[in-house]
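The form predicted alone is given below as one chain in structure tokens.
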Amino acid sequence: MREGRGAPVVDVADLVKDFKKLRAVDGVSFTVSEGEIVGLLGPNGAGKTTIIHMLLGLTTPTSGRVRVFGLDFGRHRSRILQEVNFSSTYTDMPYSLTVQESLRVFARLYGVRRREEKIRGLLETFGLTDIRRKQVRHLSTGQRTRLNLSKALVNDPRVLFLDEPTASLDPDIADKTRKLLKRVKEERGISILYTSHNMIEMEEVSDRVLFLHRGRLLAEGTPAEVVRSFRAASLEDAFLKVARGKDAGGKGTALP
């Protein structure tokens, strides 16, 4: 473990996921420490979302080990998920519920105390107060993304999994979201694992980056360390090098 990092709250070892003849995740190992923001980076098909789905129990690993809060995920799934939450640009709330009703449902499911106070704060934080009585079916894509982020914080999770958390957001709301993530990390010691195609966002927010390609971990470290490992000028440059068929250290990959 790198000096200065806290105890691991997520510990993944040799994680593998096969879908028939496709190996989507191939022996990936990593940790997320307490109070750390870790970015999952890589081209489409790298295995990022599949890894998050396995950490949420939505997909069963083919092999490997997942421990959260020091507990085996398979044996303690329900207990672990009470202190975990998730947001994705690609999931949605029931269309017939209003914004406020959606948050009330999830607050009850998590047993949140002082629910109405918590919900009011989230509505204000994400600019949803004026549309709190609007049904989900009538929300814009950006409004749905903000609602999903609000839901993800309703139970004050210890670990937060985010899949493209700022996609479809206006620049001002996206900036506000990044600042909020950094603030809750500092104030509450929350640990965050997230995916994004926004390389500037990755560099700004992440303490560490895991660079994946075709299900394998190519590089790991701070954004600056990963950039150096690819002999690149930036994370975006490193991303483009992989897309053009160069892995860490400049060696060719079997990219088409």
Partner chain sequence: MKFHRIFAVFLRYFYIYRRSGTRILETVYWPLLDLVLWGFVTLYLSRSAKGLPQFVAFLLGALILWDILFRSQQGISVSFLEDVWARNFLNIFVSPLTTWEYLLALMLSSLLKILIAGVVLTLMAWLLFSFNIFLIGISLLPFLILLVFLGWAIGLITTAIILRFGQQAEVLAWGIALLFQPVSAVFYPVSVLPPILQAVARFMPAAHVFEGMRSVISTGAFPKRELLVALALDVVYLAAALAFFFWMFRVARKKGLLARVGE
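Between two forms, the rigid core is the largest collection of C-alphas that superpose within 1.5 Å. Bear in mind the structure is a predicted one, so any value in this text is a computation, not a measurement. Numbering follows the first chain given and starts at 1.
Heads up, the form predicted in complex with its partner chain isn't pictured, but that's what we're talking about next.
Using a 4.5 Å heavy atom cutoff, F19, R77 and L81 all lie near its partner chain in the predicted complex.
Of the residues given (I131, A167, L71, L97), L97 alone sits with a heavy atom within 4.5 Å of its partner chain in the predicted complex. Listed residues G57, G45, G27, G35 were compared with its partner chain in the predicted complex; G57 is the one with a heavy atom within 4.5 Å. In the predicted complex, no heavy atom of P171 sits within 4.5 Å of its partner chain. Not displayed here, its partner chain is approached by H53 to within 4.5 Å at the level of heavy atoms in the predicted complex. Among heavy atoms of F126, none comes within 4.5 Å of its partner chain in the predicted complex. Proximity of R113 to its partner chain in the predicted complex: non-hydrogen atoms within 4.5 Å are absent; the residue sits far from the partner. Residues T89, Y90, T91, D92, M93, P94, Y95, S96, L97, T98, E101, R104, V105, F106, R108, L109, Y110, G111 are the ones in 89 to 115 with at least one heavy atom within 4.5 Å of its partner chain in the predicted complex, listed in sequence order. Y95 shows a C-alpha shift of 2 Å or greater between the shown form and the other one [criterion: core-superposed Cα displacement of 2 Å].
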